[in-house]
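Form predicted alone, single chain, as structure tokens, below.
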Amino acid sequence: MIRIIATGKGGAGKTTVIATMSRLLSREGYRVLVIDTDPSMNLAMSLGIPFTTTRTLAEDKTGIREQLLGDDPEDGHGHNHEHNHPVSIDQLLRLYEVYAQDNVRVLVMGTIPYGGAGCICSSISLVKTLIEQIASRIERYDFIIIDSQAGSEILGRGLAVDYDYNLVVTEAFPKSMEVARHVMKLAGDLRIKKQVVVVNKVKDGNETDLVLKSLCLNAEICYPVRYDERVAEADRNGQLILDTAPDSWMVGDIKEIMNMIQVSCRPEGGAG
């Protein structure tokens, strides 16, 4: 099972890249699970799933942890759950998985439920535990792809330890590149095996060189994704450009990144 996290500044295009790639992978016959850990929760909608139909992990986080581990370390009421027993991970996933277009499976972490409820740290911790349980107990997926919240906080919470890829989506703007620099540093601390920089919304080709120079990167791990104004039009209609303009050069560029991951994940490629 290959684990990928997508990181970057808000607005850089992470969700569009991940939603497109996950569907392309699924079309190739891979079993793909995407997990939306961004509190804005746009990924499900990008995959054609109305938000009102999704059941989030955060809204049931105490019960999920009890069912996974048989205990409730976050219970602040002094309850003793002596009779709780872990359930099948398959049973649990069936409650929260939603099938999107091209048979992509989707889990939504959820957001802060009300003002003053605190941070999302416990929800991130739950996602980390859930993925660890999936990796150790079942062979249900070929790829798990995390669409992270904007910025670097999720890596600071240690979610992606020993993942296979950090897919860093950036634009060729100083603020976006500074976030990219920071998430790459944290990803290195977490021993993520390979970092791939996606320079998104490329218009004239100079953007890639600018990012390479700014981040001191090797060109082999930097991939441009060309700008297509039809992305915004598709988004306004609640669709992906994969559906409205499948021949777009943007789709082709994302396919190249997907192909690189596929090749490097084969046993002879050394990453599988």
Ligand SMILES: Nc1ncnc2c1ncn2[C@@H]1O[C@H](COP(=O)(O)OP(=O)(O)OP(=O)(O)O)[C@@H](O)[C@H]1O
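From 1 onward, residues are counted along the sequence shown. Fair warning: this is a prediction, and the values are worked out from it, not measured in the lab.
Another form, the form predicted in complex with the named molecule, is not on view; read the next lines as being about it.
228 is the sole member of 228, 207, 60, 66 with a non-hydrogen atom lying within 4.5 angstroms of the named molecule in the model of the complex.
With the named molecule left out of view, the stretch that reaches within 4.5 Å of it through heavy atoms in the model of the complex is, among 179 to 187, 196 to 204, 126 to 134, 152 to 160, 196 to 204. Although the named molecule is omitted here, in the model of the complex none of 48, 50 and 54 has a heavy atom within 4.5 Å of it.
Interface residue remark: residue 23 is not counted as part of the site for the named molecule in the model of the complex, having no heavy atom within 4.5 Å.
By the criterion of a heavy atom within 4.5 Å, residue 232 is counted among the residues contacting the named molecule in the model of the complex.
Although the partner is absent from this view, residue 11 contacts the named molecule in the model of the complex, with a non-hydrogen atom inside 4.5 angstroms. Looking at 125 to 140, no residue comes within 4.5 Å of the named molecule in the model of the complex, counting any heavy atom.
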